[in-house]
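Before any questions on binding or motion, here is one chain by itself as structure tokens, the form predicted on its own.
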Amino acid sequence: MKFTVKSEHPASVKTGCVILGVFERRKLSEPANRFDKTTRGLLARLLADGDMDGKSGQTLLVHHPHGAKCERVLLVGCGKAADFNKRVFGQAVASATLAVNASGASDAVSYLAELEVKGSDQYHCIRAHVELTQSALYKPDELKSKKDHASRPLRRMAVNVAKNDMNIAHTAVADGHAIAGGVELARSLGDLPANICTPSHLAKTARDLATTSTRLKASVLDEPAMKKLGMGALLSVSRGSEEPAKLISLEYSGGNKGGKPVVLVGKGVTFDSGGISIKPSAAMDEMKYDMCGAASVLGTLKACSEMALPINVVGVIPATENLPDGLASKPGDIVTSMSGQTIEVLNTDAEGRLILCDALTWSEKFNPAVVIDIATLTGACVIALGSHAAGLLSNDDKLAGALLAAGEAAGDRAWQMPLWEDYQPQLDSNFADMANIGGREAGTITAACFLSRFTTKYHWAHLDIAGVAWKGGKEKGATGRPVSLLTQFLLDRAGGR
């Protein structure tokens, strides 16, 4: 998909389709008004006849509008003008993209980014338009022998802006394209089945990414190397699998040499059966998505590299399967982490924190400015926040605030939960330094409390993405979240746009 920027009158532009917004009830947006005047009230007549009233997501396609140079005009419902926020803007862009893609037009010019969006500026509107367009066209059909594509798919999208906004628009389009590519990588990795997307496949993906830029460097530790480092917690999870675990690092050097990096640690359980504490069979196929934290780290590093951000970033991915066999860890086993702290494994399905704790300790070697881990960690987070926001816990309120702000700006939100000392006793064990679970109450918080015991030497935040990393049901598939949030956070730390 190719994205460009234009600044032309909507009735004068030569294109397969012009996209214009309509508000409730039957109120033309300003660009639509300009088009309407040139076409002698064509749009106003259509609205007066009741063809559409502007409800959010509605579309109306008109062929060969008299007086205009385009082949088609697509009217898109934007809801009430007073309520036109980032969420409704996103619905309008997605609806428009799907309608144009099905129309036979191979190119289009959108005037939606000219509209005033509550809580957003021009840069973020244009960037979001590119991201949302690319996202709407994504299909998880890589492994289908027959792909269901439009006969004449949409290949080029131009975003129209005022002439004095052209410079920022070019930057926003380039950034949006880079972030969309990172999101797409994360989605495609998540959607791959576990028999293909193994720990070794994640390692290969990191190495392949490193070949795309001289600023990227990948390295992979195997199980013997991890054993030498004392990563008993991580290796206790991989014991039941024939697939060897990998500890992957992908370093991006865009900032000052020797500058402290942001370290992103992504949980990479490529399939989670629960181990001996085996999960119910219903929807167990979705446990291929337990590596979406790892996928989001790779996607973020890809976007970061393409945007050439002036910042140092390290992606760390502990990757393994969690399966039950005769060697698998058993409830009641005690393992020793790289930090030297001992852990009583009361539930082998609480494995994500076991691989993350060793990766978090290992991350100290990079002398990080901050460390953020991203993990599909707890079902409790899905119950608490649903599919709308990631859970955020941190030992540093300034870092938490920056992540929350980045999520709001990117339309990829998180919600902060408490990390109070009051919850720590739930992890007490009679036989080890701690247990790996803290009971039913406050499961998301106690999981973060566990991780906090391995992050005392740096500023740290934890993103629980269990509710946002993928969708179930008929729309089953990875979302690519929180690539947008993380990239916005890195962009902000690098000085913004």
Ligand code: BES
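Sequential numbering from 1, following the sequence displayed. Model, not experiment: these values are computed from the prediction.
The next section is about a form of this same protein that is not shown, the form predicted in complex with the named molecule.
- Although the partner is absent here, Lys267 lies within 4.5 Å of the named molecule in the predicted complex, judged by heavy atoms.
- None of the heavy atoms of Ser236 is located within 4.5 Å of the named molecule in the predicted complex.
- Heavy atoms of Gln416 never reach within 4.5 Å of the named molecule in the predicted complex, leaving it off the interface.
- The named molecule is not drawn, but in the predicted complex it has a heavy atom within 4.5 Å of Leu377.
- Contact with the named molecule in the predicted complex, judged by any heavy atom within 4.5 Å, is made by just one of Leu192, Ala350, Ala210, Ile276: Ala350.
- For the candidate set Met287, Cys197, Val314, Ala136, a heavy atom within 4.5 Å of the named molecule in the predicted complex is found for exactly one residue, namely Met287.
- Three-residue candidate spot Ala92, Ile126 and Asp412; no residue lies within 4.5 angstroms of the named molecule in the predicted complex by any non-hydrogen atom.
- Contact with the named molecule in the predicted complex, judged as any non-hydrogen atom within 4.5 angstroms, is confined among 359-367, 378-386, 104-112, 70-78 to 378-386.
- Taking a 4.5 Å heavy atom cutoff to the named molecule in the predicted complex, none of the residues in 1-17 make contact.
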